[in-house]
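The chain below stands alone, shown as structure tokens; this is the form predicted on its own.
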């Protein structure tokens, strides 16, 4: 019986299976204001990963007993569409989606000035329509942009990207196959102007030197995403025409 031989994820000349260098991101597309029926919205593509984010509010908190007298409540729902993955996903919320909703909400709470809207609620919906790794960080990046598009006061935009360890090498923005077969995965999100990390998780093991290398690589990718966020906002509001004006 022949044994199944898995192909290498990194070639001898240091290229990855999709042709990228170790420090190279997948192609990225970011847009703001893509949904008309929300207060703010954004869309992001990272490789084959495609995500929409929508923001509603601030509005009156419901049920009222959950309202906070000195600040708004931030609600976040991260959800993967049934058709977003190979094989049909169950349409309801999974434990992973509930966990990632909480992780993203806590990251965004660090940048939103909730004290501006006491007894109110701000709802964030993140919908993954096609998943190919990096959905939590891409979703957070889109949600941050959607908040800015909605005019919600924030301390800074935040952006996120994953760094992986594949065949002993640190790589930026792992693909689905690299994520599944790699030795470690580290999602990172930062608010660059604040100089703060708003999300950092590590699945797998890295040495201290590998961790430092991974963090520096994440900063590089986040810097690129941050500039794309700013350009998306500039493009949206540069073409904005108030109602009644031509």
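Positions refer to the first chain, counted from 1. This one's a predicted model, so the numbers in the text were calculated from it and none came from an experiment.
The discussion below concerns the form predicted together with a small molecule, not included here.
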{"item": "Contact of residue 134 with the small molecule in the predicted complex (heavy atom, 4.5 Å)", "value": "yes"}
{"item": "Distance check, residue 31 to the small molecule in the predicted complex, heavy atom within 4.5 Å", "value": "no"}
{"item": "Touches the small molecule in the predicted complex: residue 103 (any heavy atom, 4.5 Å)", "value": "no"}
{"item": "Partner contact for residue 185 in the predicted complex: the small molecule, 4.5 angstroms, heavy atom", "value": "yes"}
{"item": "Residue (of 213, 39, 45, 179) lying close to the small molecule in the predicted complex, criterion heavy atoms within 4.5 Å", "value": "179"}
{"item": "Proximity to the small molecule in the predicted complex, single hit among 80, 170, 112, 73 (heavy atom within 4.5 Å)", "value": "80"}
